[in-house]
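Coming up is one lone chain in structure tokens, specifically the form predicted on its own.
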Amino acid sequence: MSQADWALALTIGIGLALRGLGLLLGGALRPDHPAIAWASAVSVATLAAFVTLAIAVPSGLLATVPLPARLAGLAAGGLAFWLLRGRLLPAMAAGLAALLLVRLIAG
């Protein structure tokens, strides 16, 4: 095996071990435990960072979509999520529809 293959295998092994440890730890703790609250906050913050990067400095195909269309999609999705009391799929559909509509109108 090459050095790159060993590095990949080691990365996969460590990732699986950490995931297993997380499952063991998460199963042993109450849902209101501070460690669970911390992990939840970190995951929400990470997701928020990725969404912010996708809106502000997109890469790939999303980079071809103008900023006003991305912002309209974000606003429509957020508003729909709030109005529909946390229903994710309809909110995502509303955000995508707004993005496509603004892109069509703006060109």
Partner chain sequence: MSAGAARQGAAQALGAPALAMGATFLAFGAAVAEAGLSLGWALICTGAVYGMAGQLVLLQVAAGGGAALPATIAATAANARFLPMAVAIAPLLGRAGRRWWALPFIAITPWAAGMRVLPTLPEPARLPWFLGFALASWYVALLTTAAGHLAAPHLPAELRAALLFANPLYFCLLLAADARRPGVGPALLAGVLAAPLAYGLGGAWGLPLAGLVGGTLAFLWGRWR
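This is a predicted model, so every value here is computed, not measured. In this text, the rigid core denotes the largest set of C-alpha atoms whose superposition between the two forms falls within 1.5 Å. Residue numbers count along the first chain shown, from 1.
This protein has a second form, the form predicted together with the partner chain, left out of what is shown; the following refers to that one.
Considering non-hydrogen atoms and a 4.5 Å limit, does the partner chain approach Leu84 in the model of the complex? Result no; Leu84 lies far from the partner chain in the model of the complex.
Given that the partner chain is not shown alongside this chain, does Leu8 nevertheless sit within 4.5 Å of it in the model of the complex, heavy atom to heavy atom? Flag for Leu8 set to yes.
For Ala4, is any heavy atom within 4.5 Å of the partner chain in the model of the complex, or not? Yes, Ala4 sits close enough to the partner chain in the model of the complex that at least one of its heavy atoms falls within 4.5 Å.
Taking the partner chain in the model of the complex, which residues along 37-61 bring a heavy atom to within 4.5 Å of it? Heavy-atom contacts to the partner chain in the model of the complex: Ala37, Trp38, Ala39, Ser40, Ala41, Val42, Ser43, Val44, Ala45, Thr46, Leu47, Ala48, Ala49, Phe50, Val51, Thr52, Leu53, Ala54, Ile55, Val57, Leu61.
After fitting the core, Ile12 CA displacement of 2 Å or more between the shown form and the other one: The answer is yes; the displacement is at least 2 Å.
Direction of C-alpha distance change in the model of the complex, Leu83 to Trp38 (at least 3 Å): Trp38 and Leu83 sit farther apart in the model of the complex.
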